[in-house]
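Below you'll find only one chain, the form predicted on its own, shown as structure tokens.
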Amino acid sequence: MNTAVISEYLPLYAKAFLLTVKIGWIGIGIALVIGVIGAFILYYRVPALSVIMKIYVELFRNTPLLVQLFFIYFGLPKLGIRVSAEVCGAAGLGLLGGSYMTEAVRSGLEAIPVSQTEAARALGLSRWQSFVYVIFPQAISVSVSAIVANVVFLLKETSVFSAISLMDLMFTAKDLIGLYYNTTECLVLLVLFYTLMLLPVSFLGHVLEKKTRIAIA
């Protein structure tokens, strides 16, 4: 393994790393928002919207991210809607993640005893106030493990962004391998940067899980 080659490629990987992290976390942010709203709709069985949300969850959970990205990036322009590769990546990841986050938060909501809702309503809280101040915080504590697992999953899914010509980590590795054939060095850097991206999330996830277990206990 040539350390000089690694030193030369390091700035390119660092740039790609920042782009991957930026788009990845924007997508995760979108996914979390969709997840909370979707879980609320499904938990309270909001008329019409709950049916739409069920269809959305099943559709996006059962199709690969690559297919969704192709539809957004190559299909929507046929309808006159053009988006950049970065917007496509964030939107695709957010929509895919939203379906998983919806199920994660919903399962947390359903784990909360009905008596909690009844007690909140008996104290005079509205349905919305009961959800925000009583049910939702407990549900998040229960769902932490699933949410962290989904975050790690979504960050790993950023590896398919290269398919829409986004200069992410995978695109950079494939491009450099194709140009200079330094396969070992490129793959070592790829593994290193993905580990750097995922390890802190995994560690923080374990810390959060321990804290929520103590809080629940």
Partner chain sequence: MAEKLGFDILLKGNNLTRLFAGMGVALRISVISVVISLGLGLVLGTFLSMKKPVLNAVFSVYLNIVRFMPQLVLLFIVYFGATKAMSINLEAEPAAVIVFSFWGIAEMADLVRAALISIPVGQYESSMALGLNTLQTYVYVIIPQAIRRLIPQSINLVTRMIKTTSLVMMIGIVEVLKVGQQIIEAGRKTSPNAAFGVFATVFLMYFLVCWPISLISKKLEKKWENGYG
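Residue numbers count along the first chain shown, from 1. Computed from a predicted model, the values in this text were never measured in an experiment.
FYI, the form predicted together with the partner chain isn't displayed, but the following is about it.
Contact with the partner chain in the predicted bound form, defined as a heavy atom within 4.5 Å, holds for exactly one of Ile26, Met53, Val148, Met170, namely Met170. Residue contact check for Phe74: one or more of its heavy atoms lie within 4.5 Å of the partner chain in the predicted bound form. In the predicted bound form, the partner chain sits within 4.5 Å of a heavy atom belonging to Phe70.
Residue contact with the partner chain in the predicted bound form: Leu49 places no heavy atom within 4.5 Å of it. In the predicted bound form, no heavy atom of Phe17 sits within 4.5 Å of the partner chain.
With the partner chain left out of view, the stretch that reaches within 4.5 Å of it through heavy atoms in the predicted bound form is, among 125-133, 138-146, 75-83, 112-120, 75-83. Candidate site formed by Val87, Glu209 and Thr212: none of these residues places a non-hydrogen atom within 4.5 angstroms of the partner chain in the predicted bound form.
Taking the partner chain as it sits in the predicted bound form, the stretch 109-139 never comes within 4.5 angstroms of it through any non-hydrogen atom.
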